[in-house]
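What follows is a single chain, given as structure tokens, in the form predicted on its own.
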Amino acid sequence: MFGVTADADKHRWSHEEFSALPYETAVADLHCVTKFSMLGAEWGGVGTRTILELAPPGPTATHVMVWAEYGFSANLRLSDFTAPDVLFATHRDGEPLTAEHGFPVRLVVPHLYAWKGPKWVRGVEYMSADRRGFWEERGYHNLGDPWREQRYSYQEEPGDGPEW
């Protein structure tokens, strides 16, 4: 955790330290922008709220950028990141994630499209303003709500994201 933290410090956990944090599960669907859905998967890992308690955001933080391998990133409103069923998944259906599915850690944000939950997470940046992540810079919707079918940036309403 870095950026606009409450104490202005960076917070890091080794794999062993992260794995020792409280384990939570959430049964949730995963929706891909291509209209593929995986229904009722059980995800296990560390809840984002646990991380927020250990490394709280500063008072001006409104968004996060989740950084991952290969230059991938996903921006989220802080309110989306802190939802009760959002977690840093290390397991799916009781089994450790495979490399293909994001080992060692992927973010799972059940109420948003899957690109908002990148695989191979490496860090989280607290931000005091929104910035577009990897897929959003390439034309995906800044918010990504599957129930509102927010797939592409041309569908954005005023206030849905930062100006181009």
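All residue numbers are counted from 1 along the displayed sequence. Note that the coordinates shown come from a computational prediction; the quantities given were computed from them, not determined experimentally.
Below: the form predicted together with a small molecule, not depicted.
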query: Listed residue (Val108, Ala68, Met65, Ala61) with a non-hydrogen atom within 4.5 angstroms of the small molecule in the model of the complex; finding: Ala68
query: In the model of the complex, the one of Ala129, Leu54, Val27, Met38 near the small molecule [non-hydrogen atom within 4.5 angstroms]; finding: Met38
query: Heavy atom of Gly47 within 4.5 Å of the small molecule in the model of the complex; finding: no
query: Heavy atom of Gly133 within 4.5 Å of the small molecule in the model of the complex; finding: no
query: Any non-hydrogen atom of Val124 within 4.5 angstroms of the small molecule in the model of the complex; finding: no
query: The small molecule contact at Ala114 in the model of the complex, heavy atom, 4.5 Å; finding: yes
